[in-house]
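A single chain, nothing else alongside it, follows as structure tokens in the form predicted alone.
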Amino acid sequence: MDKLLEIKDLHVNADEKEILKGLNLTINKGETHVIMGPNGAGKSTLANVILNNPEYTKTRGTIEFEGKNINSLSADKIAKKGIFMSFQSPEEIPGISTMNFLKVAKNKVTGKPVKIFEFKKEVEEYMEELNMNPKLINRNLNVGFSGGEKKKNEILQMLVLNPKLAILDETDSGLDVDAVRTVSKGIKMYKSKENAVLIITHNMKILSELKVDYVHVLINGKIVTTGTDKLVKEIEKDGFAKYKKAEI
């Protein structure tokens, strides 16, 4: 089966307010999808709902992963199925080193014991590719990390866990040009014919170095248009104004 994620007629509330209003999206193996839209359109809500964040309530519609309904699964079970999410603002976790976190996460996702020496070598090689300070691996997870280091650490986690679907929620926000390039490099290292990427972004820079298959514009809780990477250039030039008007 080539289809990884299928979202049908998804309606979602946060508290009493409806945020997603009948969203449809299909992602197949080997594809890179981008979701763009103005603030408040529901982009980050979509990412959180796929992982079943309890702050949001699905009122209608289904989310299927590899043909199985995951609407009611807990986030850890969804992760075990092969969905990874990179957070917009990664949490600092005192008391657990980056390396220990990666070992535990890898063990939980695969259900197999981690071979320490091989694993350490793999992590160190990824860190070198991502131009990360090797000392960060023994420090508490994200504690005292710069914004760029936190975002690179998210990409490191993606590479180590090697999920079937990676959802990157504003991973590029607040990064300088060099860090954006590094994040793009990490995505290219991860990408294969067997997996897929969903990038949620405001930043056109990260897309300039990636091959993008589909660009979706999300306005007021619905995808109002889908196109190729040419759509990114159009939005960069003209913004979202015409799509907002069409939605009204």
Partner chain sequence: MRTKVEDINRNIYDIKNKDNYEFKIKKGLSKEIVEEISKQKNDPDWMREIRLKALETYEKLDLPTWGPDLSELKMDNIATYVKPKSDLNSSWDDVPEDIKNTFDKLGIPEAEKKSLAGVGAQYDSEVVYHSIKEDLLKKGVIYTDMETAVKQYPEIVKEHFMKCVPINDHKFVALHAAVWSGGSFVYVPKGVKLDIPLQSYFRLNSPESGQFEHTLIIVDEGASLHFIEGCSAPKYNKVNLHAGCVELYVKDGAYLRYSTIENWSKNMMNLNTKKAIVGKNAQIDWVTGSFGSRVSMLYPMSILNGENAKTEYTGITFAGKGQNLDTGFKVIHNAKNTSSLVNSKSISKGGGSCTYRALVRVSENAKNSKCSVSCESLMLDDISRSDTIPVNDIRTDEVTFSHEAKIGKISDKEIFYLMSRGLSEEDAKAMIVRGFAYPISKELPVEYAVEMNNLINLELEGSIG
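Numbering follows the first chain given and starts at 1. Quick caveat, the model's predicted, so the values are computed rather than measured.
Unshown form predicted together with its partner chain; subsequent notes refer to it.
Looking at its partner chain in the model of the complex, residues F145, S173 and R181 place no heavy atom within 4.5 Å of it.
You can rule out all but one of 26-34, 187-195, 201-209, 46-54: in the model of the complex, only 46-54 has residues with a heavy atom within 4.5 Å of its partner chain.
With the partner omitted here, the residue from L161, M127, L136, L165 that has a non-hydrogen atom within 4.5 angstroms of its partner chain in the model of the complex is L161. The shortest heavy atom separation between L141 and its partner chain in the model of the complex is within 4.5 Å.
For K108, a non-hydrogen atom is located within 4.5 Å of its partner chain in the model of the complex, even though that partner is not displayed. The closest non-hydrogen atom of K80 lies within 4.5 Å of its partner chain in the model of the complex. For F119, no non-hydrogen atom is located within 4.5 Å of its partner chain in the model of the complex, even though that partner is not displayed. Contacts to its partner chain in the model of the complex (heavy atom within 4.5 Å) from stretch 143-161: E154, Q157, L161.
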